[in-house]
Structures are given as C-alpha cells and as structure tokens.
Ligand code: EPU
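Given next, in structure tokens, is a single chain: the form predicted on its own.
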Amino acid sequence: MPEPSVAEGPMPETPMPGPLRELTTLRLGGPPRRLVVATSEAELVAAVTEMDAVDEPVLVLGGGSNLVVSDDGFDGTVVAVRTRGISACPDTDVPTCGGVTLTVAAGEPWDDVVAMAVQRTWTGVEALSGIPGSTGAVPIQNVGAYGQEVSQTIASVRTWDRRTATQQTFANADCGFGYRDSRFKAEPGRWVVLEVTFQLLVGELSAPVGYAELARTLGVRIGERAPLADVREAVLELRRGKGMVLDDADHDTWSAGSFFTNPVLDAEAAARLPGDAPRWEQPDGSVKTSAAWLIDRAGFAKGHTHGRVALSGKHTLALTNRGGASTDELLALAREIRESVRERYGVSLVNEPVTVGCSL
C-alpha cells in the first residue's frame, strides 16, 4: 500500500462532540474537547500529525470496546478510526498455495473480518469470533479467546510512529507479543496502527481446538479439528452465554469484556492458593490462574450489584453498566473487587481495559 499523503484542509470534525459514552461499549465517558472522524489512512495520519505539532493531547479511538473513560471526558482531540479496506493474496476462494495473506485496515470491525475468513474457509481466527472492536486494536492487546490469540496468525503490523513521524512496519517477531500484551501496549500512545496483515491457512476445518470448554461444546477432543462454521457458532454461543456478545437491548452486555486479566503467578505464589483454585502451568514455569474464580470466591457472585453498575449475571469478569451509570461508580466496584481479592488471596488483579482520564 502506498505511503499515506497528508490530507489538505481541515480534518472532518464534529462541531459539538457528544459524550464518549456514545462511542464506547460501556456507554460511559464525558465529552472530548474535539472529535475528528478519520475515514481514510491519510486523514488518520494527518489528524494525529496536526495535533502532535501543537502538543494537543490525542486519543485514538477504535471500536471503544476496551476503554474506561472518565466522567469528565477527554481534554484533547479524539480521533475516531473509521478506515476501511481488506485485501487478500491470492484473492480467490480456492488458493493453490494452501494459504492466504489478508491485509486489513485498522478501522475494519474485527468480527466482520472473522466472519469473512470463516465464510471463505480461511483458518486461524475462528475462535476469536464475537469479539467487539476494530482490527487495529487486536495486536495492541494481543487479543485472544478460546485457545487462539491473534499473535498466532499476525504476519505484520504497519504503524504510524508519532515519536518520529514516520511509518514503521513490524514483523510478528518484533511485535513483543505476550499474554494480552505487545510492544504497542508497552508504549501507549506512540504507535497508531494503520493496518494488520494476517497469514491464514485454507481449509474446511479449524485450527486444532485448544480450549476444553470449546472442545466439549463441539464434541471433539483437545487438539482435534472441527468445521470452521461450527467453531464460529460454538464460540458465539459460549460468548452469548457469558454476556460477551454486544446487544444494545441487553444491559448485561454493556461492558468492556473481561475487566481483569487472569493473573500469572510465580510458583511460590501459586502454591499459596487454595487447592481447588484453577492452575495452568506456563512454559516459563509460571502459573496462570482464573480471575473469575478469585472474584467469585472473594464474595462477588454473578449479578453482584453496586448502585447502577453490576457484575454480569452471566460472567463474573464483566463489569456492566445497568443504565445511567457513571465511570466513578464502575471504578468503585472494580476497586472493591480488587482489594477483596488481594486481602483474601494475596493476588493483585490487573485491569484489562485502558483507562482514560481515570485510574484504579
């Protein structure tokens, strides 16, 4: 793709920006000082460059599915990424090479990409169905679910480096991927993702199923494969059962997904957990445990309500807005949960969503 040119003239700006709750899945957050909607890569780069030149604070906003925004809003410019574009090589439903390279603009809705891949029998992202947000966000968090992570299929990430005002493309090995982590997350605000390139296999069957709950739903054993469409439907069914598929009419889905990451502990800390606590040994000798289990055992059951916010009635990891809530209310509940887990188990939960103008 050619280098983006800087768009001439003023950026497409909303004269009177509404509150950011209109652009986030939690439906929380006050107004920005300014809102720019970038529908092309050139507009995106130009908007960020223009604000950086005058030291204006910038918030690059994708699907708003991983944000907790202050009730006071954002004292700067929000650049909403609405770029579009998907290209495949080879662009045919029957590739002869057994694989396809898929390049996706940052603003493309992620689940639309997954649905297209499944429909065209491109394998490797089917277990990531139903995850809200934009494609540009998935490498930042190294999004993962049901035994798959995007790091398994990302070939490269093309970015705009705000520090040097240049484009940089990172191969997978240079992205610093870890559990819900990447080099882009490690330097928040520096890298604006422009497009992501995936390397997918071609075939009617999924990648080996690596998650026990999904395997049981599909009626297969761990490591076996299943039809791509069946995997997608099974994942969507499981996510709906946990309130993790967005539904405007269902307040139980008004969340940022899993609010806390699963803690990764050293062997000594893991040994102090109760005997029935979930434990998943990691290749480096550390042990991952379940944040949902810790939250539930600390006294916060599904549906636990605190004013106008609550834990989802389907999943203890989702903090939800029951309608008309404030960010302060949500953070108060999150702090209560975090402190209770720390006092009872000595484990410090870490929030997965990015906080803007606020913190735990």
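When you see a residue number, it is the position in the sequence shown, counting from 1. None of these values were measured; they are calculated from a predicted model.
Keep in mind that the form predicted in complex with this ligand is not shown, yet the notes after this line are about it.
- Note that among 99-107, 162-170, 192-200, 144-152, the stretch whose heavy atoms approach this ligand to within 4.5 Å in the model of the complex is 144-152.
- By the criterion of a heavy atom within 4.5 Å, residue 213 is counted among the residues contacting this ligand in the model of the complex.
- Mapping the unseen interface onto this chain, residue 26 falls outside it, with no heavy atom inside 4.5 Å of this ligand in the model of the complex.
- The closest non-hydrogen atom of residue 302 lies within 4.5 Å of this ligand in the model of the complex.
- Put simply, residue 257 is close to this ligand in the model of the complex: some heavy atom of it is within 4.5 Å.
- Each of 242, 315 and 352 comes within 4.5 Å of this ligand in the model of the complex, counting any heavy atom.
- Here is the short version: of 87, 286, 261, 119, the single residue with a heavy atom within 4.5 Å of this ligand in the model of the complex is 261.
- Site annotation in the model of the complex: the residue of 298, 37, 292, 51 reaching within 4.5 Å of this ligand with a heavy atom is 292.
- Taking this ligand as positioned in the model of the complex, the residues of 164-195 that bring a heavy atom within 4.5 Å of it are, in sequence order, 179, 180.
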